[in-house]
Ligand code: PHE
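Take a look at this one chain, the form predicted on its own, written out in structure tokens.
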Amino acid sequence: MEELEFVGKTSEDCVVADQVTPLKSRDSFTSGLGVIAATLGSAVGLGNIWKFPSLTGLNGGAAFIIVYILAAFMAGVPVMIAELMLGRRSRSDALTTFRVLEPKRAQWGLIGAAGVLSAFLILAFYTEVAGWVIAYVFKAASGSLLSTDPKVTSAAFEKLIADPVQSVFWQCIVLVFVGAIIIAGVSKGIEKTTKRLMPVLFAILVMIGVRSLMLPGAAAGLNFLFRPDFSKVTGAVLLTAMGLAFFKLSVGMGTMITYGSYFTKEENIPLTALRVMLADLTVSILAGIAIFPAVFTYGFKPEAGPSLLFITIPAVFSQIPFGSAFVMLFFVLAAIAATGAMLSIMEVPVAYLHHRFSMSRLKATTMTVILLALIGSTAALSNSVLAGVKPFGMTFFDLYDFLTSNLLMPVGGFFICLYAGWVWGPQKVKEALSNDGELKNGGVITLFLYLLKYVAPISIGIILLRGLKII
């Protein structure tokens, strides 16, 4: 097996034993800040805004956060490090990575194939949710969401998702917007955009959080979020925390392999992964601080799911002075979170087409956007004209969610652990994570290998069995 070498911040022609298409003029991230911004943008998503805070409050508060952090260290962070490591070593897309590293054992390429398929199916339904968010930015700006009655905000949401024209229109707007950034490239598109959006995301979170903490119900909201209740930490809660930790860090879908291929050889991958995990956790906690004091002040239920995002939040913030501005800020925040995630996910199939078939980024992105518009429309129409079409007893929206969250992502993560820990081997892992001896991090690598070989695959196997309702 021939290993690829690095030259500066772009890649040279790469030729491997099985004649993988050469990679020419490969773009890459240009700074450490760009690496953190892009990788954090991938990890942060809509789940940070509503799912993590709600699950924390409903499953033991601070006790759940402690369990989540432990689970993230055991399952999420090791797989993230492994994906970034393999991507940087191969300097290729998620699928071709395994053809480069294992030219004589093509079966390992199935891991990359699962990642590319998972990324595509996730975008098929995630872009629809992002479309609802973008629509709500405009609705908030117009003042049409200003109502303290959840029945009114609920009716507004139902009207939006039941309208086939609006559903497809906003999804297409999202696809074109994200596609335009992807076309600009890694450094001038993804890196430049995320470096601008991530500080704005934190700033908006802090603004809304400060305003929420000034409300009468702030103490109750903070108690809901942070007071540890270890009596709620059951086996089901442990499994919930493990699953959330794995999925929150965008692993198992090829995104981190793809982003890792744009890392420079000087980047400290374990430290980057740790920083991303902690920053992602910070965003989730800030979101809880921004949301729940207001929710408790006005007597709403802190339920997880779209109802909190699209029904409860408009009703809650409408009661705050300058409520229209805060509602709009909140959905701008949600749009930013969704954008960072979508950029990383769309880059997976685009990078594959671009590198494997020597397509221009313009052609690869255009083809991806068109295919997503066609497949994604089935998810967009799941609440209207296709509501009665239910393959395997699920709408297309729910089916794509189920296949990715419960099957493709955990399977991909499980086999990445097996490959990196047992097949690629400790020696190559040590070389890759020490930057060929430049970093003196032997203890960190030893801990990583233990988690990757033993703890993470067992944890992910449990997540897979639970997702398939076997346990």
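Throughout, we count residues from 1 along the sequence that is shown. As the structure is a prediction and not an experimental result, all values here were calculated from the model.
In what follows, reference is made to the form predicted together with the ligand, a form of this protein that is not presented.
- Though the partner is left out of this view, S250 does reach within 4.5 Å of the ligand in the predicted complex, counting heavy atoms only.
- Although the partner is absent here, L46 lies within 4.5 Å of the ligand in the predicted complex, judged by heavy atoms.
- Under a 4.5 angstroms non-hydrogen atom cutoff, the ligand in the predicted complex has A341 among its neighbouring residues.
- For S261, no non-hydrogen atom is located within 4.5 Å of the ligand in the predicted complex, even though that partner is not displayed.
- Heavy atoms within 4.5 Å of the ligand in the predicted complex map, among the stretches 413-421, 54-62, 427-435, 36-44, onto 36-44 alone.
- Candidate site formed by Y126, I345 and M409: every one of these residues places a non-hydrogen atom within 4.5 angstroms of the ligand in the predicted complex.
- For the options T255, Q171, T194, S92, the residue carrying a heavy atom within 4.5 angstroms of the ligand in the predicted complex is T255.
- Listed residues I122, V350, A114, A140 were compared with the ligand in the predicted complex; I122 is the one with a heavy atom within 4.5 Å.
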